[in-house]
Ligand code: GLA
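Quick heads-up: it's one chain on its own, the form predicted on its own, in structure tokens.
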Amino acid sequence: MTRPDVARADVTDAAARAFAETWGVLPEAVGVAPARANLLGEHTDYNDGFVLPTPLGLWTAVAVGRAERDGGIEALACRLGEKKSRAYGELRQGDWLDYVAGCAAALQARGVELPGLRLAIDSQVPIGAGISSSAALEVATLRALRSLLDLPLGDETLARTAQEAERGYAGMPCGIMDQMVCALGTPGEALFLDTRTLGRQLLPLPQGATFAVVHCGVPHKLTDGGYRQRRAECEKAAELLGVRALRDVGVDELNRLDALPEPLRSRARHVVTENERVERAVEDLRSGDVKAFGRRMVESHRSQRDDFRVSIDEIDTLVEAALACGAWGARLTGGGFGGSMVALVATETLDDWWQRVSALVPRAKWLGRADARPAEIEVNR
């Protein structure tokens, strides 16, 4: 087992070492950011709603230095073994460099003059797992550039800039949740975030319980269109209901949804009830009622499966196995269409629980955990 401070140091050192080996000089700055698990509040952020994510002890580090030539970026992705370059002003190309180039473009749009840049990236965050590899890369890149150029960017502004990079350059119409928790989250605590106002609270995760994150074995790719379609459906539902966003419809107004055609009615029902689940789950955390929190996770998964239709058979099977093996709750985490599950498990039974789940679902892969003390990464699972 490797504690998160050690894991963070490992990935930071690896990025710096790769930079030095590639370009023959030490990096001038290194930025780092975590992955995240969303405990509750799926597809509510782009509906101005409430979310409840927490950082995972999986890290992305970006080492950066000025290049000898101005005008663009050279970057090395260590674990992919790929080195790419791009001139400033070039359009996105549908690869990992989009997220780095997007950060540069977002800073330039804010009036920042950039020199030529060299970067080396090392990341423990798997791509396509639904735990925010893109936001971790964006936030780590912007932290490195903030340090390199002494930019007056607070963490909230940094998160907004990261979102601008993903939306404006990489072409993914994401909400703000991932970038906010990667930039402002604290290990061992959940970030209760109002995505309309960006009002937020940090809440300790429950003692004696662990949120375990497990990959179903099928990667997701939100840029394939399902995510865009769900967002468009939500926007249309809000328009037909005459509200700014679905966040403005409460659970006591569910009968208003009867006027909507399908699938808009089902999509809206998920968002409205999911916002309510987040608010109630916050009270569960405050009172320490882990079983009630777990029940809300199960309700959330069913809503994602049946109303929002973003789950897949492999995730459903994994959730069912998690519950059958003793989890208090389990649900799809992330945008869906593949990716990962998060399960709420008694810490003292975690090892036995995982052995049983992995026997039932052999293709499942352990990713990490979040609990009341800074989460450990169990690299041998």
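As the structure is a computational prediction, the values presented were derived from the model and not from experiment. Residue indices: 1-based, along the sequence shown.
The same protein also exists as the form predicted together with alpha-D-galactopyranose (GLA); that form is not shown, yet it is the one meant from here on.
Asks: 176, 227 and 334: each with a heavy atom within 4.5 Å of alpha-D-galactopyranose (GLA) in the predicted complex?
Replies: All of them do, each having a heavy atom within 4.5 Å of the partner.
Asks: Of the listed stretches (346-354, 42-50, 319-327, 24-32), which one has a non-hydrogen atom within 4.5 Å of alpha-D-galactopyranose (GLA) in the predicted complex?
Replies: Every other range fails; the passing one is 42-50.
Asks: Pick from 129, 107, 172, 249: which residue has any heavy atom within 4.5 angstroms of alpha-D-galactopyranose (GLA) in the predicted complex?
Replies: So the residue touching alpha-D-galactopyranose (GLA) in the predicted complex, by this definition, is 172.
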